[in-house]
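Single chain ahead, written as C-alpha cells, the form predicted alone.
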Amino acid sequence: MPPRRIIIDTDPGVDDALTFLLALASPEIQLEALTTVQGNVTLEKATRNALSILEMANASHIPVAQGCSHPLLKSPHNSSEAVHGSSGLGQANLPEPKLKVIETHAVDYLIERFLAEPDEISLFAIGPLTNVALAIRKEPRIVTAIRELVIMGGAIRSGGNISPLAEFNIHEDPHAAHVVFQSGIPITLIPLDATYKCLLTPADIERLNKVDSHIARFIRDAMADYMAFYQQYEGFAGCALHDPLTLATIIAPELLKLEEHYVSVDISGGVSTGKTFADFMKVWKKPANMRVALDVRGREFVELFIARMESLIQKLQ
C-alpha cells in the first residue's frame, strides 16, 4: 500500500514538532507540506520553528507556507510561553533556518494543492482552524477535494485545558472551528478525551537519550518546559502527546476507539465559548458530521512513538 499523503496545518509548539518527527519516521506517511498558523506562539515564531525542525530532520525539501496571524473574530490568546517556552520549542535552541517559506499564503496553498489532486491528500490540522476555515470560505470546492481532515482539538466529555470547558486549539478560534465542523469534509476529531491518555514520561525521554543524537537531545530540551508545566499544573510527571496522536489514524488506527457523532462548538460568547459538544442522545436528530476518538490504548501509542523516534534517530545518525 502506498504511503498516505498528508499536509499538516500547524502552530509549532512542542507537540507539533513531535508530530512532524513522527510523520517523517513513519513509512505509512508521506509528509507533503506544512502550513503555519498563529496559536501556541505568534505566526512568525511558528513559521520559524516549522522551518528549523524540517532542517534539523534533513527534510528541507518539504515546503512551508505561512498563514493567518489572527483568529477570524476574537482576539488571540496572550501567550502559551508557560507551556511551550518563549520560542515555542521549550529549551531547545535550534539555529536560524536557512530554509525559507514559499511565497504563496497558506490559505491559497491549501486551495491549490487540494484542487490540483482531489481526494488524494489528507489534511491534519493540529493548531487553530483559521487557515482551514478561510480556505473553505474562499473556495468551497475544497470541501470535496480533501480526502480526510484529522483535527487535534476539542474536549467532549473531558474538561478543557485553556478554560474549564474548552480545549486550546478550538478556543483560540471557535468561529473557524464552527465553519470547519459544518463544512461536510470527512472529519476525524482527536480531543483531550483521548490525548490525555497518551503520557510521555521522563523515563521515556531518558530511554531515547541513551543514544547520543541531536534528535534525542532536541526532544529532551523541547520537552523540558512542557513537562515542568504538566508537573506544576496537572500534577503528573510527564506530558500528553496531543498532536502526535492524530497520526495514529494512519499508523495505528486499532489503538483508537472512534464513534460517529454530530459535534458542534459553542460560539455564544459566554463561559462555554469554544466548548465542543457531541449530541450523544441524538436530541437534534442531525446526522453525524465526524468520527470522534473518545478512548485510546494510550501506553501502546507512546511505545509506538518511542520506537519510531528510535528508528528516526538511527536513520539520521
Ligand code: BDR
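Residue indices: 1-based, along the sequence shown. Values in this document were obtained by computation on a predicted structure and should not be read as measured data.
Not on display, but discussed next: the form predicted in complex with beta-D-ribofuranose (BDR).
Across the options 159-167, 212-220, 197-205, 112-120, residues that bring heavy atoms within 4.5 Å of beta-D-ribofuranose (BDR) in the model of the complex belong to 159-167. beta-D-ribofuranose (BDR) is not shown here, and in the model of the complex it never comes within 4.5 Å of any heavy atom of T36.
When beta-D-ribofuranose (BDR) is considered in the model of the complex, N40 lines it closely, a heavy atom lying within 4.5 Å. When beta-D-ribofuranose (BDR) is considered in the model of the complex, L245 lies well away from it, no heavy atom lying within 4.5 Å. Although the partner is absent here, L192 is a contact residue: one of its heavy atoms lies within 4.5 angstroms of beta-D-ribofuranose (BDR) in the model of the complex. Only one of L89, I126, V132, A106 lies close to beta-D-ribofuranose (BDR) in the model of the complex, with a heavy atom inside 4.5 Å, and it is I126.
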